[in-house]
Every structure is written in structure tokens, then in C-alpha cells.
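Next up: just one chain, as C-alpha cells, the form predicted on its own.
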């Protein structure tokens, strides 16, 4: 998976806008990598930078600093004419308000991108447009004007239009914001099918319930992307609190099989896994050690020690088959964070108590007697 070429690769992207009050820093040092076949949501409040980030990815706007690569193309270096050609061929965009041309039928709306890009022979375009409309359950509606069909049908037609030139990347900007729940569910099912067919889908939304159903979520606040693994580990923090944690964690790397924590030694940090897996190893008197659990990205350890005298309750090692990267947050910093979020304190305390019971239980499993 890690060797797969990236569909999206944003490298240290900054965007400033000039205003009467001075420069406005809309995007601040954005790094974002998305691989083929991923279904990713970008969420954040109004004004957080979602639309600016979307404009970077689609080439509608350019970064002030940094690089934007899409499917191996450095789009920040393209001219306006080159961008227009690239966009028509490489990206399918679905807008919140559909943006179908009102004087054209649904069929004509879907054919238009093929005509503008010069893709497919003229006699193929109609057949392809009809097939795309059938694929979004609009068979028999192709000659209707957008104003004569429902909002859900207009959005499905917009999906068909976005697929007209067979782009690898589909970007949807608040695609269900103006739809009823049934129509929204239909659109979401279409996205899942596109991902299953090998497309990469990015949904920009303010709807956290929709975001939870995608493969990954990028939370943007104040022009910065919150580390997604911190957001998974500590979901009860506010976006601003998550951003604070993102600024304070220290990345650490461990080779396969190396020890991260040793039972009985004092602990100083709370850890969130960002890459690879770790083994929770429980030594047992007169028996072999037992691997109680394996934890992957977005999981955490060190919470038991935080609530229980700072002494390690188990040994933690990088799994034998892969290197591990973790984000370390000192207990002093964790205390500061928990003092601002009682729900997070209680969630970690509850997890610590549960894991303590599990450790005791696993250590007490009797060894198997040798066969006589």
C-alpha cells in the first residue's frame, strides 16, 4: 500500500489572501497525501479553509508557497490553459448546487464535458452519456431539463457528468447539503460504488456523520489539517484542542521488534500510533510471555500509566513485521489537555480501567499442562 503512487500529494502548502486588514493566512503548511481507491472526507467549520483546500486540489487556485501534485502532475506549475485541459480530463467535480446548465437536457449536460475535452468519437458520446445516466438510475429521464426533475435526480445527473471523461479523481463539494435523507443516501451509495470501481473520491462536507462513513477524515481548522490519528484517538476534543495536540506531539520511530516501553519502568509519555502495529506483551511468572493485543494506527497506549503511578503495566514493542511510528505527548502536556476536556479525561480513565482488568485476566490464564 505504501508504495502505491499518490493521487493527491500536497507538500507544505500555504495560501495567503491580501485584504485591507493585511494578509490572511487561509492555509498554513498543509501536507496531505491520498492514495488510489481511497474515500476521504474533508471536514471543518465555515471559514476553516475547506474551500481553499479544494481549490488547490482542483487547480482553481494556486498556492502562495508549496507544491500540489495530482496523479503525478505538478499542477502548481501549469499555465491557465494547461490547467483547463488537465482539469477537464483528470478531475470530476460535483457541486453542492448541481450547476447543471438549465437550457440543456440531462443528456446534453453529461455529453458537454466530452465535447469540451474532445474525448471520445462524436458517435460514442451519446451512447456513453446514456450509459452513465442509466448507471445513476436516470434511465428515461435523459431528455428532461434540470428544472423538471427533483434535487436528488439533478445531483445524480451531476455525478454522471463528473464521470463523463472517466477521471481517476472525483471531488464532491457538500454533495448532500441540499438533499433529503433518502436522496443523500443514494448519492453516498453511488460514491461507495465509484470507490469499489477504483475511483478516488474526496467529499468536502460539514456533516460529521457522513464523514465517519468514509475511509479517512481530514479535519481542517484555522487553515491547518489536524493529525487524523490524534482525531481518532481523542474524538471528544474540539477541533481547536485537536490542533493544539497536533502542535505538541513529538513523532518517534521504532524498528520492527524494538521495545517502546518495558514493564515496571517509569513512563513519561502517552503514545498515539500513526504507522504500523505494536504488540502489548505481558510477562507471566513461570510461563511464556503473552501478546495480549495488537494495536494499529489511531490507537493509543500509556493511558494506564498516566492514571496509575506512572509505572508501565505492560511491555510494548514494535511488531516484528513492520516499523512503527508513534506520536508522543508528555504526561505534563496530556494533563493540560485533559484539564480542558472532562469527556476526554473520562474516556481515557475508562479505557485505563478496562485495560487494567484485561491485563490481570490475561496474566492469570493457567499454563497448559504437558501431555503425559
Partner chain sequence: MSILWYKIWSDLWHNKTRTALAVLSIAAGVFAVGAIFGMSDLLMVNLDEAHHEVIPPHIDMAVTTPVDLDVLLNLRDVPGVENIEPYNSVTIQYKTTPDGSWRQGVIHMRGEFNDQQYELVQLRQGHWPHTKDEIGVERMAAEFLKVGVGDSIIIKVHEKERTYPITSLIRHPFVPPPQFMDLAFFFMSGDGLESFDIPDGKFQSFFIRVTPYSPEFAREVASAIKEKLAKQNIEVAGVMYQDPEEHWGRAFFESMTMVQKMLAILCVVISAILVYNTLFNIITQQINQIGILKAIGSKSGTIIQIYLISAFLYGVLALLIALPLGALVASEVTDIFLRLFNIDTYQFEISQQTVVYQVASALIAPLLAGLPPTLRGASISVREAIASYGLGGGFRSTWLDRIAEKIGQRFLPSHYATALGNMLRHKGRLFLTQAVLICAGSGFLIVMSLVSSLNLTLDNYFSRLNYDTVIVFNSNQRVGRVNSYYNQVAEADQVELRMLKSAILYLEGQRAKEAGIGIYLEGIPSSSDFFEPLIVAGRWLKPGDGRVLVVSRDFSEKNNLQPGKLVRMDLGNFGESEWQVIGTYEPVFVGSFNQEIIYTSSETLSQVTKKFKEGTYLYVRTDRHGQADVKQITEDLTDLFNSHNMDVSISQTSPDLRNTYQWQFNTVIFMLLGLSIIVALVGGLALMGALSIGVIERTKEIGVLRAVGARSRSILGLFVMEGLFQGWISWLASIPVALIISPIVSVSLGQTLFGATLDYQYNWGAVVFWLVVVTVISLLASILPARRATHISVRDSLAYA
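Numbering follows the first chain given and starts at 1. Note that the coordinates shown come from a computational prediction; the quantities given were computed from them, not determined experimentally.
Although it is not shown, the form predicted in complex with the partner chain is what the next lines describe.
Note to self: When the contact criterion is heavy atoms within 4.5 Å, does residue 161 count as touching the partner chain in the model of the complex?
What the structure shows: Yes - in the model of the complex, heavy atoms of residue 161 and the partner chain come within 4.5 Å of each other.
Check: Does the 4.5 Å heavy atom contact test between residue 194 and the partner chain in the model of the complex come out positive?
Finding: No.
Check: Would residue 17 show up as a contact with the partner chain in the model of the complex if we use heavy atoms at 4.5 Å?
Finding: Looking in the model of the complex, residue contacts with the partner chain include residue 17, since a heavy atom lies within 4.5 Å.
Margin query: Does any part of residue 55 reach within 4.5 Å of the partner chain in the model of the complex? Heavy atoms only, please.
Written below: Heavy-atom contact with the partner chain at 4.5 Å: present for residue 55.
Margin query: If contact means a heavy atom within 4.5 Å, which one of 335-343, 55-63, 312-320, 42-50 is the stretch that engages the partner chain in the model of the complex?
Written below: Contact criterion met by 55-63 only.
Note to self: Within 4.5 Å, heavy atoms only, which of 152, 276, 88, 239 is in contact with the partner chain in the model of the complex?
What the structure shows: Looking at the other structure, the residue within range turns out to be 88.
Next item on the list: Using heavy atoms only and a 4.5 Å cut-off, determine which of 293, 282, 260, 112 is in contact with the partner chain in the model of the complex.
Entry: By the 4.5 Å criterion, the partner-contacting residue is 112.
Margin query: If you apply a 4.5 angstroms heavy atom cut-off, which residues in 94-126 are near the partner chain in the model of the complex?
Written below: Going through 94-126 in order - heavy atoms within 4.5 Å of the partner chain in the model of the complex - the hits are 95, 97, 99, 101, 102, 103, 104, 108, 111, 112, 113, 115, 116, 122.
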